[in-house]
Ligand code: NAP
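Given as structure tokens, the chain that follows is alone and in the form predicted alone.
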Amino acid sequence: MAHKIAILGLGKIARDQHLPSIEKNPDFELAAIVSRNADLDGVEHFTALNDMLAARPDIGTIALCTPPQVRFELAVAALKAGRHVLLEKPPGATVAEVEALKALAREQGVTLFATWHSRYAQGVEPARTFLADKTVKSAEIIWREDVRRWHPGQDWIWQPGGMGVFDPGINALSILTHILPAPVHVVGASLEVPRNRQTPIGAKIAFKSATGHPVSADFDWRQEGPQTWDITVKTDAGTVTLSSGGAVLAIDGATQLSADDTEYDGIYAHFAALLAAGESDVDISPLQLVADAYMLGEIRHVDDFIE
């Protein structure tokens, strides 16, 4: 029997990604929308989560697609009501609150899934397999896109907890932490913050791996025209390049794989598997790297950002 699922927060990401993937997956049935400002034809609508929890005990799973600043209390309410919860990335505004949710899910005996959609790009798992037994010499991330194109009019991204350019940049970090054989830690960062905003529009981060090789990341939200989502890893046995956010994999310049975007299909397939096994999946390593970049980052004020 399909899991009845409610989407909380019917914004762009929910409409563009969650709804199509739920519709394609026979393990899920969209049963309700919880949103103050939006509804969906043919689907029961609630304006508050507590109302839905009280009225629909048959809905056992919830996808939280709200901005991260307000997600914690909502997740707590859902978990305490015995519902399984899928968290859109980033899973929370702080590392500590995600750890608290992880502990609560364990206490309640329900599934908590902190999603990292970029890990489900088609080139990511083959890259991880290739790198597993290689000696990594260095790695570089270049992740540049146009904030006006992807987040038009979304003020929450510029507020504390909204993460700024780390909102897309954390996607790259979710891939990096998944494919590298050894963990990395932040050793320095430079954060460019518009004078009229509170989160970065650009960031450069230096990392070092547990085995000593350097890693760099260049995140920028001011790139017009073609967008850049590339990760390059140099090893003793060749250079691995993931481009187009992980959809294209090349080794020593030769394309090994080029695929369509099926990231959210992968998320819901994994969520179904977690529910069947009665397990959770809550990896905070990408969020921890962002938090550490904020802790070590030198702030540089740049020109005002005008929408």
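Keep in mind that what you see is a predicted model, and the values were worked out from it rather than measured. Position 1 is the first residue in the sequence shown; the rest follow in order.
What follows is about the form predicted in complex with the named molecule, which we do not show.
**Student:** Choose from 33 to 41, 242 to 250, 53 to 61, 272 to 280 the stretch whose residues reach within 4.5 Å of the named molecule in the predicted complex, heavy atoms counted.
**Tutor:** Checking each option against the 4.5 Å cut-off leaves 33 to 41.
**Student:** Would Gly297 sit within 4.5 Å of the named molecule in the predicted complex, counting heavy atoms only?
**Tutor:** No - in the predicted complex, heavy atoms of Gly297 and the named molecule never come within 4.5 Å of each other.
**Student:** Would Gln256 count as a contact of the named molecule in the predicted complex, using a 4.5 angstroms cut-off between non-hydrogen atoms?
**Tutor:** No - in the predicted complex, heavy atoms of Gln256 and the named molecule never come within 4.5 Å of each other.
**Student:** Answer with yes or no whether Leu49 is in contact with the named molecule in the predicted complex, where contact means some heavy atom within 4.5 Å.
**Tutor:** No, Leu49 sits far enough from the named molecule in the predicted complex that none of its heavy atoms falls within 4.5 Å.
**Student:** Does the named molecule get within 4.5 angstroms of any non-hydrogen atom of Arg222 in the predicted complex?
**Tutor:** Judged by the heavy-atom cut-off of 4.5 Å, Arg222 is well away from the named molecule in the predicted complex.
**Student:** Check Pro68, Trp156 and Asp167: does every one of them have a heavy atom within 4.5 Å of the named molecule in the predicted complex?
**Tutor:** Looking in the predicted complex, the three residues Pro68, Trp156 and Asp167 all sit within 4.5 Å of the named molecule (heavy atoms).
**Student:** Let me know the one among Lys134, His213, Lys234, Lys89 whose heavy atoms come within 4.5 Å of the named molecule in the predicted complex, would you?
**Tutor:** Contact residue from the list: Lys89.
**Student:** Between His117, Lys102, Arg128, Arg197, only one gets a heavy atom within 4.5 angstroms of the named molecule in the predicted complex; which residue is that?
**Tutor:** The residue from His117, Lys102, Arg128, Arg197 that makes the contact is His117.
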